[in-house]
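Presented as structure tokens, the chain that follows is alone, the form predicted alone.
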């Protein structure tokens, strides 16, 4: 059983406990925290367990004896008696309702007991027919309907953070097979979209049958759907489908391009080719009766008179014209990132000490790391007030002496209240190196109200960055309504940065909004919002959003050298 599978069960226990008895917050929070730790832990629980059994599991910070024993039972049997027992006390309908984004345990109970909805379909009917009008306000009813729609859209789709490791592992194994010239995953995953359906892989080889036979024997495969001469479809143990197609080396570049580009990109490419008397297909480029094949995508694009178009840009947002005119952006790379500006320590809700954060950042060869804990106004356990901020600063100064290779900067993630004001006083913000402000409450305000709220925070001279700007949580909460043009113009005017959150279920700001904001002169920061060491590795996903948004190194402030970053912050505040 994988960490993700164990974490899913721990989250499920927390939800059931809240359905049973929402007053037992200590146990609920313990399971939620343990689930988060397990899901993102860099070592598989089964590997730890092999070492010294339950003792090794208890040594994981945040995992107590009771939960460690439950993890042991899951690893040994794949089942959990405790989960079966507590599920009996909760109606099945309530369990279904909490799977809908935006419906928490309390609302699920109300839906089942007061509205008496039998299932999600019945819930939708009752809301649309007006039966729920006296139980839920209009805004709540709309949010429930929105959540139902989101859950339907995401059925069968995976977050990129779940799909990419599986795809990379399979591609690596395929490349190691004797006779394979090249291989890569394609489709929306190669374009680094936030969610994907199936994983598609293409490989170049003159021995397709041999490759397929070795492919279907890979570890992790639980079912072979189809097995042909040059194609095969399998189901992975994580529940995703993988499709492999083998082609000749001569046609590999054409097929790779065809299956990577979005439908819109490929249509635009074919349309352009037709104006030049050419026909583009997955087999190559045809001029008259002659078919030109390509071993690489670069050869294909160059043959059409274009620069190579990076996979992330193949969405028909102007990339073909830019490639023809040699005006494609030089996209930001993970190696360009010199520091993470949004990391939580154990001074608020993080699991790392400041010393542990510094050590983890040094391993990534960062020049600087920013400790950005929550402030007390949000209600987060251990949120910082002015007094504790001063105490934390003393610890930062002590740790800094032990880590001279990296600069530890002091920050907070301050809450933007419903009226746009901040939940900590300006005189304290003045003492910090960098300040991030984020919306954490009142997500469903009217469009102009939310826009004014954001702009008020943007215009505050102490606010350097707006965190996870649209507030969306993939599969759980839609972005709030905002007049983005007004927000982007305000950011440009006040030189306030917009964050691109690398956290898997956020990936916020969305790529097309990044492109729009860039065109209005806005700068960005790509951060992880890390709460534990493993989260720092998520930076690649934020970079992929930036690349899809046409962003370059110069657009990202945490590609700046330390002295340039501090100078930039000082200049924008004066």
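Residue numbers count along the first chain shown, from 1. What you are looking at is a predicted structure, and each value in this text was computed from that prediction instead of being measured. If you superpose the two forms and keep the largest set of C-alpha atoms that fall within 1.5 Å, you have the rigid core.
The next section is about a form of this same protein that is not shown, the form predicted together with ligand DGT.
Peer 1: Just checking whether residue 346 would be counted as a contact of ligand DGT in the model of the complex - the rule being heavy atoms within 4.5 angstroms.
Peer 2: The answer is no: residue 346 has no heavy atom within 4.5 Å of ligand DGT.
Peer 1: In the model of the complex, is there a heavy atom of ligand DGT that lies within 4.5 Å of any heavy atom of residue 196, even though the partner is absent here?
Peer 2: Yes, residue 196 is a contact residue.
Peer 1: Is residue 572 close enough to ligand DGT in the model of the complex to count, meaning some heavy atom within 4.5 Å?
Peer 2: Residue 572: no, not in contact with ligand DGT in the model of the complex.
Peer 1: So, in the model of the complex, is residue 44 in contact with ligand DGT at a 4.5 angstroms heavy atom limit?
Peer 2: Output for residue 44 is yes: heavy atoms within 4.5 Å of ligand DGT.
Peer 1: Where, among 187-195, 139-147, 418-426, 476-484, do residues come within 4.5 Å of ligand DGT in the model of the complex by heavy atom distance?
Peer 2: Careful reading of the contacts points to 187-195.
Peer 1: Non-hydrogen atoms within 4.5 angstroms of ligand DGT in the model of the complex: do 4, 258 and 263 all have one?
Peer 2: Every residue of the candidate spot has a heavy atom within 4.5 Å of ligand DGT in the model of the complex.
Peer 1: Which pick from 413, 200, 297, 319 sits with a heavy atom within 4.5 Å of ligand DGT in the model of the complex?
Peer 2: Only one listed residue qualifies here, and that residue is 200.
Peer 1: Consider the chain as shown here, without its partner, and state which of 99, 223, 270, 181 has a heavy atom within 4.5 Å of ligand DGT in the model of the complex.
Peer 2: Only one option qualifies, and that one is 270.
Peer 1: Where, within 394-421, is there a heavy atom within 4.5 Å of ligand DGT in the model of the complex? Residue list please.
Peer 2: If the 4.5 Å heavy-atom criterion is applied to ligand DGT in the model of the complex, 394-421 yields nothing.
Peer 1: Determine, after fitting the two forms on their core, whether residue 351 shows a C-alpha shift of 2 Å or more between the shown form and the other one.
Peer 2: Where the cores coincide, residue 351 shows only a C-alpha shift between the shown form and the other one that is less than 2 Å.
Peer 1: After superposing the rigid core, is the C-alpha displacement of residue 316 2 Å or more between the shown form and the other one?
Peer 2: No, because once the rigid core is superposed, the C-alpha of residue 316 moves less than 2 Å between the shown form and the other one.
Peer 1: When you overlay the rigid core, is the Cα of residue 266 off by 2 Å or more between the shown form and the other one?
Peer 2: It does not, since the residue 266 C-alpha is displaced less than 2 Å between the shown form and the other one after the core fit.
Peer 1: Could you tell me whether residue 503 and residue 46 have their C-alpha atoms closer or farther apart in the model of the complex than in the shown form, knowing the shift is 3 angstroms or more?
Peer 2: Compared with this form, residue 503 and residue 46 lie farther apart in the model of the complex.
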